[in-house]
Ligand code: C2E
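The data below hold one chain only, encoded as structure tokens and taken in the form predicted alone.
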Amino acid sequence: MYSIVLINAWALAVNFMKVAPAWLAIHVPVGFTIICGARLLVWWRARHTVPMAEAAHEALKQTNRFALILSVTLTTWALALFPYGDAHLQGNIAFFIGITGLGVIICLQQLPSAAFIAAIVINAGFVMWFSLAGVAAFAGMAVNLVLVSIALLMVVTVQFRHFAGAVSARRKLETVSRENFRLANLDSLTGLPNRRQFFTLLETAFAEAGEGRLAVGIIDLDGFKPVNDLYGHKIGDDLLVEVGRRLASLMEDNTRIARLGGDEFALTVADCPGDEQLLALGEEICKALRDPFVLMEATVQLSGSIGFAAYPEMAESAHDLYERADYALYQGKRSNRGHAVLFANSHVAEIEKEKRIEQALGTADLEHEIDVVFQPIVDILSGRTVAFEALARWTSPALGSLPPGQFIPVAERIGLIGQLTRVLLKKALVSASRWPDEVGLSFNLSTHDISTSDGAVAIVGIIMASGIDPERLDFEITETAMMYDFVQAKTAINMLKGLGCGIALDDFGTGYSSLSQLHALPLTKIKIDRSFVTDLHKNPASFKIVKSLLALSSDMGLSCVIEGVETEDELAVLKNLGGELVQGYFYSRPMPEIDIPGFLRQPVEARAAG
């Protein structure tokens, strides 16, 4: 627009330099050039700048004002030259006003208000002046200019509507895109960053860490599934929302929390402090999760475990950092549930060992390498051995003899536990078939065995093929296994109970099952975990717990086996509390099948190993 104005203005000025005063033919165009050049320079410099809304609005208002001033000034200047020219030069003035006015209108089509201002000023001046000039040709040109200007303004109006519509559609699209991006990166339940966003943030934080220290923490709620099963998904969702709020309230400027899914959360800690401070943060989080959650429908209590890993000491990539934090969490849930665990060098050795175990298990001949040993369960009132618990032992050609605590979790993780269970059960049943009929067999089932219908059916088939009376069998399940899929677990348990097998809840008191769920299961026994028995005679808290659990089992009409009895003092306390069935090193360590006949032949008073 400024180029059109200046080119046309100088073309007109040159024609009038010899007949009009210098101030009018030269100085005024020079002023136009300076002003328009300045405006042109400002626009050119800002061509790559995206202004804020307020700045853009102010710039558009200035353009409106400048369009008015420019139109008035140009029209007045051109008409001021009219008296100094002949008919030919006066025709140039009419041409200048018409062509410049139309050019300005076209250039301002994206700002209709400025286009209308210019059109009104130029046409008004042109029509009034040339209509009064008394020249028919000029009057015709005025009418023609008005009609063309009206047509152009109509085009400008339509084009602007299309332009505005396109801008509006683009804004809507950008809004939708931003909203879709937000939804794609936020957890819809808690409003926290989701799994996708967490890993994006982790990669960014890792790239920015440089020589600094970065930590990842993974949080898993202990006891959420029982709450979800007991109260329903609505309460479970409300609980997760409150957990998210509580965790978010603990975050500082250098920490970011996200929900990975289910009851698992994760955080990054930039500019990570020392190990002690990091673990202190973890314990603060765990402590906050232990405080009751007061919901509209219920007050819920649970806990949380957290695993940390720190860069650069324990990881070389963001992926390693996450994986090692996850491993620390896994170890914490096994040995230090409800607390924070930091991945350390010792875990590296454990991972390598587990990899070797995994490789050896994958190629193992389970029929020949897996053995069963048996630990007696004794009635302390009569001294009679009522059953033996079957325990797995694996002698690997590559790794040697391994206890179940090392290879059972690996077998569960790689999907071999079902096959392992079947091999062990067959061998245990063969051994039990050689015992006196009054001596039973207690056998442990994994989460996989009762959480799938195929696993339960396979176990039933093995029992039926063994020829053993199912009433001699007790199957032990843990609270954790039962809570994995309560409905399927109950179905599997009912199937085994229908055969006549007993069902014992193992490690009772260490899980998160509710009394209502326990009551809904066809249990015949509970087994009190050894952690409550150690130094029972010295620990008042353990004494009260065991006393309460014995009373609970009696009220529910269940037998109770007390594990981990190692000393005569512990046994004496249990007798005073009314305990009847015990298991532990006080009577015997796990023994091979070949030693069982000799053990059973021993006099009652000689069976105590302690």
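Numbering starts at 1 and follows the sequence shown. These figures come from a predicted structure and were not determined experimentally.
Below, we refer to the form predicted in complex with this ligand, which is not included among the displayed structures.
Interface residue among A310, A392, L361, A114 relative to this ligand in the predicted bound form, by the heavy atom within 4.5 Å criterion: A392. Contact annotation: of the candidates T100, T385, S446, T190, the single residue with a non-hydrogen atom within 4.5 angstroms of this ligand in the predicted bound form is S446. From the list 579-587, 56-64, 547-555, 37-45, the contact stretch for this ligand in the predicted bound form under a 4.5 Å heavy atom rule is 579-587. Heavy atoms of I408 reach within 4.5 Å of this ligand in the predicted bound form, making it an interface residue. Contact annotation for P404: at least one heavy atom lies within 4.5 Å of this ligand in the predicted bound form. Put simply, Q375 is close to this ligand in the predicted bound form: some heavy atom of it is within 4.5 Å.
Residue contact with this ligand in the predicted bound form: V565 places a heavy atom within 4.5 Å of it.
The single residue of 415-429 lying near this ligand in the predicted bound form is L424, the criterion being any heavy atom within 4.5 Å.
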